[in-house]
Each structure stands twice: as C-alpha cells, then as structure tokens.
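Presented as structure tokens, the chain that follows is alone, the form predicted alone.
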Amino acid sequence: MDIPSLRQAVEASPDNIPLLLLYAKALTDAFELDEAKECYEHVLKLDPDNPKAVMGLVNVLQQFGKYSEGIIRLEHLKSRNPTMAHAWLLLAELYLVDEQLKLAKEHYARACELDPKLRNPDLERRMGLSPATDEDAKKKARPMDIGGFAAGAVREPEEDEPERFDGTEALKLEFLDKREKIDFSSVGGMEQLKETIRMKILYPLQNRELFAAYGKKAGGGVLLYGPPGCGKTLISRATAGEIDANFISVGLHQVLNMWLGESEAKLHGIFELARQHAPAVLFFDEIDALAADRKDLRTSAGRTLINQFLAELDGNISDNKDVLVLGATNAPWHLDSAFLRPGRFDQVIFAPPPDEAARSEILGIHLKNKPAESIDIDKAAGAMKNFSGADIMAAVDTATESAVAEAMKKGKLVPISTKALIAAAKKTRPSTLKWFDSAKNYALYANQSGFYDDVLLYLGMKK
C-alpha cells in the first residue's frame, strides 16, 4: 500500500499497532522521518515495550544523528528482551559510531552468540576484529578530497574503489531527474514563491546583461518551510521545468555515510554535478537533517558535514553560477542559524496550506482528464479548509475510488460528483493542524528575529 492509503487507514484506526508499524516503516523508507518518528512514538505510548517500534525508532534516530538516545532506548529494550540478537547487533553498531569500541565488540560478540547468522565481516573489520590481508596492507590510505575540511583525515579505499571520488559520472545516473518535466502551470497557488524563484534564476537567465549591470547573477539559495504536503517538493520540480534546467533531488540517504569524510565527499560531488550541468535546480528535501544546529551535535563528524555544506553554498570551493539551491523542511527550528545568513539561504519562504482559490486550482489539476460531471469546484474547495495539497489529492483519490466502485456495480461509467468530493473531504482530516500546533509555540516564544512572523500572520495572531 502507498503512504496516502496507509495514512487514511491509520486515521480510521489510530490505535491499530500492526497498521501503525506498517505505516511508520513506509514513512521511513520514503525518508519522511519526522512523521515516522511520531508514528513510532505513538506506538510506544500504546505499547511501551514493543520491540519493533523501538528498533524502528532507533533506525530513525540514527538518521538524525541522535546516537545517545538510540543507545538508551536499545539498552532498555535489551534488558527486557535479553535474547533479542538484533538489538545487540544494532547496539554494537551504535557504540562503534559513538566511539565506544570495547562496548561495541562486547555487544557484537553477544549478538553472534545468540544468532550466528548475524555475523558481519564488514562490521568486524571496522572493529578491528578481522586481520587485514596482505592485499589490504598494500593499499595506501589517502587524504579525503573534501575541500579542505577534516584535513588530514584518512581511510583505506574499498575494494575496486576509484582513486578519487568522482563527483559527476558516479552520480549522474542516480541524481539527474529523468521524469517528465512539469512547470508552474502544474502547481496551484504559491504565487509569491513562484515570483521569488523567477527573480532568483529565470529572469537573470533571460536578461543576463541587465542583471549583470546590477551585479546580480542567476542562482542562490531559497529555503521553503511549512506543513508537510503543501507543495514544497512539487514547486522545486516545477522550477526546473520552468527554466528547462536539470533537476537534482537529494535525499538524506544519498549523502550520509558511516566513513569519516565520505559524507562530505558525496555532498561535494553532488554540488559539482549541479555545477557541471547548470542551469540546475539542486533540491534538498528534509534539509534540517543535513543542516542541523551544531549545538545539538555530539560528534565532530556532523559538524564537519555542516561546514562542508556551508562552504559549498558560499561558492568557496567552486562557482555556483546558474545553480539554484532549494531546501525544504517541515522543522525550520532545527536548522543551524548559519544557513540563514545572506548569501546562503537568503530567501526564507513560508509555504502555507493553499487558500480557497489555490485549492480550487489544485482540485482542477487533479480532476483533469477524470470522468466528472459539472462539479462546483469552489464549493468543494470550501469544504477543504486547512487541507494541504497532499490532503486535497487524497480526497480526490477517495472520491475517485467511490466512483470506480459504483461504476463496477452498475457496469457503466460513473462520474465524480461535487457531493462525492465533499463527502471525501469530511472523511479526510487535515494533516496541517498538528504542524501548526508545534509551529505556533516557536512563533510565539522563539521568534526574536521575526523568522516566524508569516506563521503568526497566517494564524491571525499578528497584523
């Protein structure tokens, strides 16, 4: 099942633990980590010692770099389930990352004792449990080519690894988006954001001499924040289509690596790919996971990655001309403030749920080419207050499924109706409300710089 279907099922049965676990796993696989974390935590409120929920939550915490919290949760799970081999193994990996080698070795040995099938030669090598072969000894450690950060850090190359990180060819097939391009006409509403993007890259590309006279060039950084499902990813793809540029979407799993310096090298390679295929839109979804506040990081490795990211944005390593960097986050309060200074993400834009006019436009886009009778789009949109774009799509899908089911019974085509859309809207709970509960607290009590003024304006709490 896909995430929208699972979300609807969870809304209908919010305390169904097997369903919640399935939903959380799907969210994790899709790297919707904040929502996955909330889902696992909800399971643990219902069943505090559920081992699948604990293991799933720890996997999510790993992605956020919260190793200590993961260790604490796994130690508690292990004390309740002392023969759970996978918990011992995951603890060994966390202790290794946390630079507690003795504990890592002890937990790994116990995991293998409980289940010999869990033996992992790669993990053994990293712990120093496997002796190096003569061939390994001949390989020379080399400094990491990461723009000067973590200078002097070395590691041994993997088998069949090229001599240096290839930042373009090795990534080209993985990152360059080959899907059919869309443009702004495929995105309902968001007019302010569209105009900002046009000013950042479209107009400078079309009027190079004029913008050069003012010392302006195409490119730069734009940070989008707001509730999930409000079109941040869609507008990013549409930007690339609008300017006929390459779209490079970067996920957390495509950057983070356990080896010292590898994450920085991957990030540099991704920026190099964008520079060599400019004009390009470089999109980082859930950017708060890569640009977390350095005060919250316990390890120097996380800080080094952030330093690398800042240097890439500044153009210290190479010119970012004609590269637009878009970042999207549901949790801007977790971002390091260094990313928000001018010259980096110097445009910070709130992407709210669509207003009624935008909802009508989005409904029209989703109903296009579907069998529908004369629908009162405005009336249907009015029934979807506080809906995100994703919520609207889910409501249309529900109405479509109802029409299909009825068509199968009658043996003829049954059009989607206004009544069916309104009924579907009543069954769909707006996903934005929970986000605003959290955002309101930050906007009221951590808003000295006025960063969240747009949230307060949207909520009618500021004039």
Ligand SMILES: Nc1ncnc2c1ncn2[C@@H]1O[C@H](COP(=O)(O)OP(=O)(O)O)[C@@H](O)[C@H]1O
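Definition used throughout: the rigid core is the maximal C-alpha set that superposes within 1.5 Å between two forms. We number the residues from 1 along the sequence you see. Quantities reported herein were computed from a predicted structural model and do not represent experimental measurements.
The following text describes the form predicted in complex with this ligand, which does not appear among the structures shown.
Chemist: Is A92 close enough to this ligand in the model of the complex to count, meaning some heavy atom within 4.5 Å?
Modeler: A92: no contact with this ligand in the model of the complex.
Chemist: Is there any non-hydrogen atom of H366 lying within 4.5 Å of this ligand in the model of the complex?
Modeler: Looking in the model of the complex, residue contacts with this ligand include H366, since a heavy atom lies within 4.5 Å.
Chemist: Since only the chain is shown here, I'm wondering whether G327 would be in contact with this ligand in the model of the complex (any heavy atom pair within 4.5 Å).
Modeler: Close contact is absent here: in the model of the complex, G327 is far from this ligand, nothing within 4.5 Å, heavy atoms only.
Chemist: Please determine whether Q347 contacts this ligand in the model of the complex, using a 4.5 Å cut-off between heavy atoms.
Modeler: Heavy-atom contact with this ligand at 4.5 Å: absent for Q347.
Chemist: Which residue, L77, A311, A390, A104, has a heavy atom that falls within 4.5 Å of this ligand in the model of the complex?
Modeler: It is A390.
Chemist: Quick one: from G269, G219, G241, P228, grab the residue that has a heavy atom within 4.5 Å of this ligand in the model of the complex.
Modeler: Contact with this ligand in the model of the complex is made by P228 alone.
Chemist: So which of 358 to 366, 198 to 206, 377 to 385, 243 to 251 is the stretch with heavy atoms within 4.5 Å of this ligand in the model of the complex?
Modeler: The contacting stretch here is 358 to 366.
Chemist: Listed by sequence position, which residues of 181 to 198 have a non-hydrogen atom within 4.5 angstroms of this ligand in the model of the complex?
Modeler: Heavy-atom contacts to this ligand in the model of the complex: S186, V187, G188, M190.
Chemist: Does the C-alpha of D397 move 2 Å or more between this form and the one not shown once the rigid core is lined up?
Modeler: The answer is no; the displacement is under 2 Å.
Chemist: When the rigid core is used for the superposition, does D47 move between this form and the one not shown (threshold: C-alpha shift of 2 Å or more)?
Modeler: D47: C-alpha displaced by 2 Å or more between this form and the one not shown.
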